[in-house]
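In the block that follows, a single chain appears as structure tokens, in the form predicted on its own.
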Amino acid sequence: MDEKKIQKIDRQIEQFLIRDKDADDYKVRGDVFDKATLKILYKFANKGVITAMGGVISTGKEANVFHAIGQEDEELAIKIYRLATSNFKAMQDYLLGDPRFSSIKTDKRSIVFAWTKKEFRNLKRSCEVGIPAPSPIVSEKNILIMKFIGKDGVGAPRLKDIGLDLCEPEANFDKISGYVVDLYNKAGLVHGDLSEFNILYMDGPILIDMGQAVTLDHPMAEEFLKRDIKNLIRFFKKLGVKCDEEEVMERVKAKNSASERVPLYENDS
């Protein structure tokens, strides 16, 4: 390995940890930057995937997202799933029934690693059919690296953060409901956790957090689809948009563009 590259990343991580000394961030250090995770980060640094490491973009129940710089100063987002605290039982519910992960082991580590790989694949499928989502670059074990949605280390806001200030709510509702249609008919996926918390806005809406997205043959796919649509309708009705759950569901089912769908196994690697 290139020791200089490793030392640079190591110093940046250490500086970040020293700079943020409150109790929560020290807990983050223990949950996220264990030896195995650091080893993978060093590997990506040695390959030139990461050239500089930044601070936290967001923290969630299952993972933390960090800003980084890649080749040619490209801004990246590094999502690190926590092995110690991830709710692997909830993850298992989304994995079981997905033909892509029918042979995974049921221990916590295997579940988290499969979940990370699943998010990479779901993002890849979404981007392939033209749905705005973070473009995935590489994943390994509990780490997913993707293109950063934002500028100069500042992440794009969520719809939840914009709220009533969202411009052109009717047009944005049409766009997002169209993404639901295309995700179902072209990518063969249901987001599974679509809401104002999982949609960023940067020159338009962008879908994120797709680790839980399921294929259409998942036993809960239809229930997840109904829930996604219900969440979408609930949010946009608050903005004064006249919308209806049944109308969106009809759009999803009416298109039925199986011929346009990305092949489930051939391109899903």
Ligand SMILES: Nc1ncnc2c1ncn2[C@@H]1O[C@H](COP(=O)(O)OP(=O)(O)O)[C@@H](O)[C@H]1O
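Residues carry their position along the shown sequence, with the first being 1. Keep in mind it's a predicted model, so treat the numbers as computed, not measured.
Missing here is the form predicted in complex with this ligand; even so, the following discussion is about that form.
Trainee: Please check if Lys186 has a heavy atom lying within 4.5 Å of any heavy atom of this ligand in the predicted complex.
Mentor: Outside the cut-off, so no.
Trainee: Contact between Phe113 and this ligand in the predicted complex at 4.5 Å, heavy atoms?
Mentor: Residue-level check for Phe113: no, no contact with this ligand.
Trainee: Is Gly55 close to this ligand in the predicted complex, meaning a heavy atom pair under 4.5 Å apart or at it?
Mentor: Because no heavy atom of Gly55 falls inside 4.5 Å of this ligand in the predicted complex, the answer is no.
Trainee: Even though the partner isn't displayed, in the predicted complex is Lys79 close enough to this ligand, meaning a heavy atom within 4.5 Å?
Mentor: So Lys79 counts as contacting this ligand.
Trainee: Would you confirm whether the three residues Val214, Leu225 and Lys230 all fall within 4.5 Å of this ligand in the predicted complex, going by non-hydrogen atoms?
Mentor: Answer is no for this spot.
Trainee: Out of the stretches listed (100-108, 165-173, 194-202, 178-186), which one is close to this ligand in the predicted complex, meaning heavy atoms within 4.5 Å?
Mentor: So the stretch in question is 194-202.
Trainee: Considering non-hydrogen atoms and a 4.5 Å limit, which listed residue (Gly48, Gly60, Gly240, Pro219) is close to this ligand in the predicted complex?
Mentor: Exactly one listed residue reaches within 4.5 Å, namely Gly60.
Trainee: Which residues within 129-152 place at least one heavy atom within 4.5 Å of this ligand in the predicted complex?
Mentor: Pro134, Met146, Lys147, Phe148, Ile149 sit within 4.5 Å of the partner.
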